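First comes one chain, alone, set out as structure tokens in the form predicted on its own.
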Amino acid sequence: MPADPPLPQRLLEHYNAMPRGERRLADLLLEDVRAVIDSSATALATRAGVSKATAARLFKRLGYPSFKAAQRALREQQAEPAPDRYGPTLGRLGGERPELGQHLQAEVRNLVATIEQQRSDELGQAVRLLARAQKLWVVGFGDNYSLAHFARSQLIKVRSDIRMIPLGGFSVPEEFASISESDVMLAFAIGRRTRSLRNIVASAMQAGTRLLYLTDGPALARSGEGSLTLKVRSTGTAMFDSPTAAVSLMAYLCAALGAHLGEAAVQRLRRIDAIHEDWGELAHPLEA
């Protein structure tokens, strides 16, 4: 019988405990899990730029007696029909909506797991990336668009020159043409990663742009010097991924950015309030 859980799940479960070399190989495998079937352990180690001993340690960490054992298990799993992504969920719910208490527990677990795995030095690096970018590009496709929109709505309060991709009604390549190595791209990859996201991230890295990548999956392999991946947990109680932890982490980063910018952020917020007042767009308590 195939090993359980499958290789990608094992990689994600152990990812945070892996040293850097093992993570490099794990990133490669999460992007192309069939490489375990199609390649030798030596070839995989060479592709990832790590030693064969590092590869052996990774598979031991994942609970396989050897690379060959992992290869056999994956072949067996690949031979089975793909499971219905939604069938188990519907069966678990029994046709009823999920209990609100269960939903709350899942959201709390997502938040706690996400906050616990953040490193102080990486959060500091993330804030510096957001602060020092000449232009800040906020990117989110599909379900990630709402996360990107929220991030930009908060970031624009404390700093200027923030670009949104995609921008409704405008062609992405024309918007993207002005990106440079002094810019930073904040990209959201919760749930499904689209081809559009892969293309734009690859082009940004070719331009020398640094990347701040928020994801519930693997870190980007070869993401470029000075780039950073922050992991979030998005496990939902029903059919859909939960954005709660990603929103919470982004809200923290925006607040931390404001504190980092200090008086410049305060002056910008006051200027924004003054414009609202001039235009009559702020309702006073007695007028509401």
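If you superpose the two forms and keep the largest set of C-alpha atoms that fall within 1.5 Å, you have the rigid core. So that there is no doubt, residue numbering starts at 1 and follows the sequence shown. These numbers come from a predicted model, not from an experiment.
Keep in mind that the form predicted together with the DNA is not shown, yet the notes after this line are about it.
Only one of 240-248, 254-262, 38-46, 226-234 places residue heavy atoms within 4.5 angstroms of the DNA in the predicted bound form, namely 38-46. When contacts are defined as a non-hydrogen atom within 4.5 Å, all of Gly21, Thr54 and Phe67 contact the DNA in the predicted bound form. In the predicted bound form, the DNA lies farther than 4.5 Å from every heavy atom of Leu62. With a 4.5 Å cutoff on heavy atoms, Leu28 does not count as touching the DNA in the predicted bound form; it lies far away. In the core-superposed comparison between this form and the one not shown, Ala259 has its Cα shifted by less than 2 Å. Residue displacement note: Ala245 has its CA displaced by under 2 Å between this form and the one not shown (rigid core superposed). After superposing the rigid core, the C-alpha of Val232 moves by less than 2 Å between this form and the one not shown.
Cα-Cα spacing of Ala207 to Val50 is enlarged in the predicted bound form versus the present form (difference of at least 3 Å).
The pair Val201 and Gly49 is at least 3 angstroms farther apart at the CA level in the predicted bound form than in the present model.
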